[in-house]
Ligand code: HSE
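What follows is a single chain, given as structure tokens, in the form predicted alone.
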Amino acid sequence: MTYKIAFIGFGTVGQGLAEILMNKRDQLRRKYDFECSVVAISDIMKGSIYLEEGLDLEKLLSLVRETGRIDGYPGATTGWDSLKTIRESGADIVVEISYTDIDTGEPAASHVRAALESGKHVITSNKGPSALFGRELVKLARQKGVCFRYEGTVVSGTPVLNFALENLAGTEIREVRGILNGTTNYILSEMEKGKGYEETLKVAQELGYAEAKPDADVKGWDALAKIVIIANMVMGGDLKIADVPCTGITGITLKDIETANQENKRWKLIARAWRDGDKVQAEVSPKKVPADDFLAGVGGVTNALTFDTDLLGNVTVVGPGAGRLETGFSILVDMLSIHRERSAVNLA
């Protein structure tokens, strides 16, 4: 079966995914019996295109590099908005990778709902819909007999959600704690070298680790959205963003760093979710982590998450938390998961 794919959004992640699908086409067909055709893309800045027979990804990537737009693709239908693309492109899988609004989840939440209501599988790396409406969207997908996959919403391509839901199935996850934002981890790691917060933030922005307006990272909002996804989707919680105390790293000084060092500890922005009786609680805040804690040794932009389980004890997953190919890979993993699930259904 060849899956028809529609992209909603074609920024860094979308282009990374397109590159992966182009370069690994033969391997995916040979090893997994998986084939796909990108038939439509809608991007608020770059335009929209639809071509029933499928787009040439090499030509598409060349066009966007040269012009910054996609609506000059020869022979394609243009001018569709995102909802028309979702409903009328004939796609089997909608990849929702538009911009994130953690306050409302829009427009991504409407995109996901429209796709699920239309009977299409949805894959997203967009934190907004999953953090705000995750359990609702999973329920809707089940009602419609389709899949809603969201591995890339937490630690990019590093397998955290699928690992917890599939590989740790049968255990009770009592607590999850870790480093879920690479930008803040980089800043704190550099401050340990004696560099000031403002100086380090500027370098992080120059390297592309931090945005020009870095509030989502340094104030903890990015980690907040991720731990809410974990608390609700992995641990069965029912948390709202507003329920979770959140403190960022903007108040950490070099003096604080020095004091922690004298105590043989390191500052880390820790996102944590835990069981409190029948409820699940969560928080995000800077913590002085003892040097013998595994998380203390995780430096730079790397992310890490420790699962405290009843059968295995602590299990820690470490890997990159961002990146065009890394996040594109998370979407590919979800595509293959949908393919395996659909193949199993067809064989049954």
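Note that the coordinates shown come from a computational prediction; the quantities given were computed from them, not determined experimentally. The numbering used is simple: start at 1 and walk along the sequence shown.
Keep in mind that the form predicted together with the named molecule is not shown, yet the notes after this line are about it.
Each of Asn181, Asp217 and Ala322 places at least one heavy atom within 4.5 Å of the named molecule in the model of the complex. Looking at 207-215, 80-88, 169-177, 137-145, the stretch with residues near the named molecule in the model of the complex, meaning non-hydrogen atoms within 4.5 angstroms, turns out to be 207-215. This chain is displayed alone, yet in the model of the complex one of Lys127, Arg266, His111, Arg149 has a heavy atom within 4.5 Å of the named molecule; that residue is Lys127.
Heavy atoms of Lys226 reach within 4.5 Å of the named molecule in the model of the complex, making it an interface residue.
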